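We begin with a single chain expressed as C-alpha cells, specifically the form predicted on its own.
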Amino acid sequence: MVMPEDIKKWIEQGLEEARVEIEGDGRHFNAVIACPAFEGKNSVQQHQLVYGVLGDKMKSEIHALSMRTLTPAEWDSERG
C-alpha cells in the first residue's frame, strides 16, 4: 500500500527544491506542492510536471491524487 510519505518522497526526488504536503488513506491523496519549476507555467503544465515525475505509479499504485500547485512565492505568502 502506498503511503503519503512515499508520494512525498517521489515528488521531492523528481522535482528539485519541491516543498510537498500530502494527506491520504492509501488510495486517495491530497497534495500541496510548491516548486521553482512551476514558475511561469499554468496549472495544467504544473500538474503535468508532477504526473511526469510519478509516471506509471499513477496507473498502478496511486488510485487518485488531487493536487494544488504553487510557486515558492505563493507558498511563502500563504504560510506567512
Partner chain sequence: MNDVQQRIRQTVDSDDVVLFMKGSPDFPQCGFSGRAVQVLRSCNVKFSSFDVLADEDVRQGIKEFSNWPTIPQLYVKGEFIGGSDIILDMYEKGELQKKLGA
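Residue numbers count along the first chain shown, from 1. Since we're looking at a predicted model, the values are computed, not measured.
This protein has a second form, the form predicted together with its partner chain, left out of what is shown; the following refers to that one.
Contact between residue 65 and its partner chain in the predicted bound form is found at the 4.5 Å heavy atom cutoff.
Although the partner is absent here, residue 41 is not a contact residue: none of its heavy atoms lies within 4.5 angstroms of its partner chain in the predicted bound form. Taken together, 8, 75 and 79 are entirely out of contact with its partner chain in the predicted bound form: none brings a heavy atom within 4.5 Å. Shown without its partner, the chain has 28, 43, 44, 47, 48, 51 in segment 22-56 as residues with a non-hydrogen atom within 4.5 angstroms of its partner chain in the predicted bound form.
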